[in-house]
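Single chain ahead, written as structure tokens, the form predicted alone.
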């Protein structure tokens, strides 16, 4: 895991975007997702999920890469950890699943993950998982989450952690055909709860303690 207050951001044009087979959602509605979460909770306990904040730059301003489902819903790439799984390795696995190339020719050079197998090829270059910038809690089997665990909740249903991901200058992303990968500027995300929800819309505040170094080609 990398800890740095300086974040290098490269132009969006530095990256290559391809496509791969569709990656369908396990749930067709929010109600289905919460019901599945409840079933998993009974078997495994609290859900722990990790998501990555991938930054690029356009017009000398930081942009975050978001996956768009349909015409409106956006989310960060990531997902649920396996029981006992390390957070860093789990996030790399999830990023691979969401945006990984399916070609053995595209083998990454994980700095702290050298034993990764060919089938988990994600991108060219080095991808480094940075520090955790936010933690969100789901007290009940409901959509609402909080940036703290309410004191009267002794058994929260989910803990979600957001990690900064340091990209290198050249990367390759394979986007599922049923999804879109959008580069959204921080100024659009800020306080835009109605469009992006409480978690994503507060990322600009969480990143305000970092210094962005805009590197141009």
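Positions refer to the first chain, counted from 1. Just so it is clear, the structure is predicted and the values come from calculations on it, not from any experiment.
Note that the form predicted in complex with a further copy of the same chain isn't included here; everything after this is about it.
Mapping the unseen interface onto this chain, residue 204 counts among the residues with a heavy atom inside 4.5 Å of a further copy of the same chain in the model of the complex. At a distance threshold of 4.5 angstroms between non-hydrogen atoms, residue 186 is in contact with a further copy of the same chain in the model of the complex. Though the partner is left out of this view, residue 18 does not reach within 4.5 Å of a further copy of the same chain in the model of the complex, counting heavy atoms only.
When a further copy of the same chain is considered in the model of the complex, residue 61 lines it closely, a heavy atom lying within 4.5 Å. Checked against a further copy of the same chain in the model of the complex, the residues 180, 166, 161, 47 give one hit for a heavy atom within 4.5 Å, which is 161.
A heavy atom within 4.5 Å of a further copy of the same chain in the model of the complex is found for exactly one of 88, 97, 140, 128: 88. Contact with a further copy of the same chain in the model of the complex, judged as any non-hydrogen atom within 4.5 angstroms, is confined among 26-34, 148-156, 65-73, 166-174 to 148-156.
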